[in-house]
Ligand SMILES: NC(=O)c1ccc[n+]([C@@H]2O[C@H](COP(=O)([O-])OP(=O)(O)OC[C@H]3O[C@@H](n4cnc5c(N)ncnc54)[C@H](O)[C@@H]3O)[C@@H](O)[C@H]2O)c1
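There is one chain below, alone, in C-alpha cells, taken in the form predicted alone.
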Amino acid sequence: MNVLITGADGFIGSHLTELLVAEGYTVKALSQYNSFNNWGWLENVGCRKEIEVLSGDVRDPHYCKHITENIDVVFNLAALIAIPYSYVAPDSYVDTNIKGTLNICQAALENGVGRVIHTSTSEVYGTAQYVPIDEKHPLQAQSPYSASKIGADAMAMSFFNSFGLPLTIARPFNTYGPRQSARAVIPTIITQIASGMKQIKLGDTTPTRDFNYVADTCRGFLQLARCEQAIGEVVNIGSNYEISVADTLNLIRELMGSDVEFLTDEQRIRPEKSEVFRLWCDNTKIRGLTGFEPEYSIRDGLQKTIDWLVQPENLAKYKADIYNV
C-alpha cells in the first residue's frame, strides 16, 4: 500500500515512518519545506533510502492535492504543537492545524484516498472533569493550541459526515521517547541532567499525565488504520495509567543516578486557567476495536529514552541551557 505521512519530519512522524517501512508499506514522507533542504528527524532514520521524502507545506491546498495522488492511506500528523508558542502566535496554529487539516481532507476526498488517520491530542479534553477520560469527555479549549486542534478535529470529522471520507481521528495522550522536542518536560530533564547541570528549572510539577512511549503510540496509529470499524470514530491512544510530572521527574533522576535539584521557573508556568492539571486515558475503545495494549511500562520507556538522549551525538542536537517553547 502507498501511504503518505504528513509531519513525518517530526518526533512521532519519524518513528511512524520507520514502523510503516518495517511493515512493508511504500512511504511518502512529508517534511516542511525550508531552504536548507533539512528533513528534520528524517535525517536520522535508518530507512531514509527506502522512503520518498517530499518537501512542502500542508497550508497550500494545491500542494496537498498533488501529494495525495495515488495514495491509499494518509496519516496526517502535520501540526504546530507547542503550547507556549501558541500564546504568542495563535494565528499560525489556525493556519497549520485547521486550514492544513482542511486541505488534506479536501485533497484526500478529491483523489479518492482510501483512508485518512487524522491526529488529535489529549489536550483537547483540558483538565479532566472525570477520570479516566473516554472519548465522550467534553472538549475544553484551555490554550490557543488546544482550540486549534478542536477545530481541526471538527473539520476532519465534518468530511466523514458530509462526504463519507473514510476517516478516523486518533487521539494520543502524552507521547515521549527518542527525538522528542526539548519543549517537552521529559527530554528537558534528561538533557539537562546529561549536560551536568546540578539545578534544573521547571514549571508546575503537580499535573498528572498518561505518558506513552512513542513505539506504542505508533502501533496504535497503525492498528487504527487497519481497522474498518474505526472509520468515523474518535479513538484515544493511551495506557490507562496516570503519573504526576513530579513522580516522573523523580523516576528519571533515579534511573540516571542523579542528585539534581529541581527549581521552579516562573516563565515555564502556564496561565492558571490554561494549565491542564489532569490527563488519564481510558483506552477501552481502542482495545475493543483493535486489541491494542501498550508494550512499554513508564520505567522501561524512560530508560530507552535516556539511553538515546545521553549519546553525545544525540545530546548535541539539544540546547539544554535555554527554555525552548
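One rule holds for the numbers: they count along the sequence shown, beginning at 1. Remember, it's a predicted structure, so these values are computed and weren't measured experimentally.
Omitted here: the form predicted in complex with the named molecule. The next part is about that form.
> So if I measure heavy atom distances to the named molecule in the model of the complex, which of the stretches 242-250, 77-85, 189-197, 128-136 falls within 4.5 Å?
Contact-bearing stretch, as computed: 77-85.
> 208, 268 and 318: each with a heavy atom within 4.5 Å of the named molecule in the model of the complex?
Zero of three within 4.5 Å in the model of the complex.
> Counting non-hydrogen atoms within 4.5 angstroms of the named molecule in the model of the complex, say which of 174, 146, 236, 103 makes the cut.
By the 4.5 Å heavy-atom cutoff, the listed residue in contact is 174.
> Quick one: does residue 20 come within 4.5 Å of the named molecule in the model of the complex, counting heavy atoms only?
No, residue 20 stays farther than 4.5 Å from the named molecule in the model of the complex.
> Taking heavy atoms only, is residue 294 within 4.5 angstroms of the named molecule in the model of the complex?
No, residue 294 sits far enough from the named molecule in the model of the complex that none of its heavy atoms falls within 4.5 Å.
> Please check if residue 274 has a heavy atom lying within 4.5 Å of any heavy atom of the named molecule in the model of the complex.
Residue 274: no, not in contact with the named molecule in the model of the complex.
> Is residue 32 part of the interface with the named molecule in the model of the complex - any heavy atom within 4.5 Å?
Because a heavy atom of residue 32 falls inside 4.5 Å of the named molecule in the model of the complex, the answer is yes.
> Is any part of 186-209 within 4.5 angstroms of the named molecule in the model of the complex by a non-hydrogen atom, and which residues would that be?
None of them.
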